[in-house]
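The chain below stands alone and is given in structure tokens; this is the form predicted alone.
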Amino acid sequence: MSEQEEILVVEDDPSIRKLIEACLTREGHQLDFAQDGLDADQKLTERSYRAVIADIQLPGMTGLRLLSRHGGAGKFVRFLMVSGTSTIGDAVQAMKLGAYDFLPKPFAPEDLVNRVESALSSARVEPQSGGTVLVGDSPAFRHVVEQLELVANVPTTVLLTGETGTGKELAARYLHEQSPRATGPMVSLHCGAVPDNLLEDELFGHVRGAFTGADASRQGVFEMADKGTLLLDEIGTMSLSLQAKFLRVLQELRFRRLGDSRERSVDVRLVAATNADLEDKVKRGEFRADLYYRLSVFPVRLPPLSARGRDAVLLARHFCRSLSRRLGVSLKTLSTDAEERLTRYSWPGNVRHLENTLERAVIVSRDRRVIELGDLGMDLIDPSAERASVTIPDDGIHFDTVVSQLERDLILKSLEISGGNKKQAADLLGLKRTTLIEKLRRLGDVSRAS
């Protein structure tokens, strides 16, 4: 299903179904249909829609039951409930369950169109709080959100773990915005990006004259985050000597700036993040056990994108919109083939990898409104490329020959996908057209094969 097929119509009355179809297809909307609640329940389990138009009285499963299972707060899809026999109580119950709107039958075509447009505009903004967007509806991702909301209202230290690119910083910001500290500062420090001899200064600050070049006093991130939240990313890179001092500060929330004799107190909620296995580092003597146990009071593990199913499509649609705005191009959507491939791909770089892929696809697709499979890059276009591996035999290889063969195969594949269009083939490879032509001249056999 492409993104344009955005509305599921659940209606068992053929005449009403035809009226809805006529009204909405005339406005350019793509529709999918279900004749009863059970069919709709199956479709909503397997596929993603922006909006659902559902009768309250349905065979198999009522519209209200369907709404309670798939709609409401925190869900991407918007429900517009319609009915000709329901009471005011049914309408109130529908709104309590999270319906976006309620439309009694008979309804005017323009009223239906206006309410659908309003629902779709709302659905284009993913559920969020305080500005941070969390996109996803998979069980694995919902579990993460539930954990964050569970711990948000208490000052407990949270340890976010997961592979690189899974969204740990985004989760920390969501946690901050859900907490009573949302009006306070949110301060982040990437420990791995700061040399160890400077990290203590970044954490606690210094007073004037503390060391050569300290011409003025300076706050560290602990002070900056007072009454708010401090995220320390890649905390596993911190040296053992600094870990000891950091543990004391974490326990007492009191510290001294470098070169200062006066202790200062702060009220900070700490969130630590790491893609390393801290338990393993503890076993190897690279991380203090007491600090690990202090940090992991409430651990939350972010799942890799490969474990989140069709969340990849929801995220891709979100990135299409945000990137189109940022890059100043027309709004892009994704073809059915592109969405299916996004779902099947393993995403070794996780959400960050997906975002980078979509940024390239938005650019490569140029003036086209729909991003096709060929716009996504070679590793997604050719599933075998994802599984490619390099082996070196005992007697070695001839490097230039292997590289030339790989280059030849990539050019052939890009020409095959583009139907011989050199400009499109160059775009697929991230090359200029003139560069591709030069490579074709140099690889004469490739040119003749194309």
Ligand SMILES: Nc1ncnc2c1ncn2[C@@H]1O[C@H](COP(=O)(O)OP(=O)(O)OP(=O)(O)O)[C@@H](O)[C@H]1O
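Fair warning: this is a prediction, and the values are worked out from it, not measured in the lab. In case it trips you up, residue 1 is the first one in the sequence shown, and so on.
One more form of this protein, predicted in complex with the ligand, exists but is not displayed; see below.
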{"property": "Stretch from 251-259, 94-102, 287-295, 314-322 whose residues place a heavy atom within 4.5 Å of the ligand in the predicted complex", "result": "314-322"}
{"property": "Selected contact from 218, 352, 281, 360, since only one has a non-hydrogen atom within 4.5 angstroms of the ligand in the predicted complex", "result": "352"}
{"property": "Contact assignment for the ligand in the predicted complex, among 275, 237, 157, 243, heavy atom within 4.5 Å", "result": "275"}
{"property": "Exercise: residue 170 in contact with the ligand in the predicted complex, heavy atom 4.5 Å", "result": "yes"}
{"property": "Contact of residue 340 with the ligand in the predicted complex (heavy atom, 4.5 Å)", "result": "no"}
{"property": "Residue 90: touches the ligand in the predicted complex, heavy atom cutoff 4.5 angstroms", "result": "no"}
{"property": "4.5 Å heavy atom contact, residue 205 to the ligand in the predicted complex", "result": "no"}
{"property": "Heavy atom contacts to the ligand in the predicted complex at 4.5 Å, residues of 152-166 in sequence order", "result": "163, 164, 165, 166"}
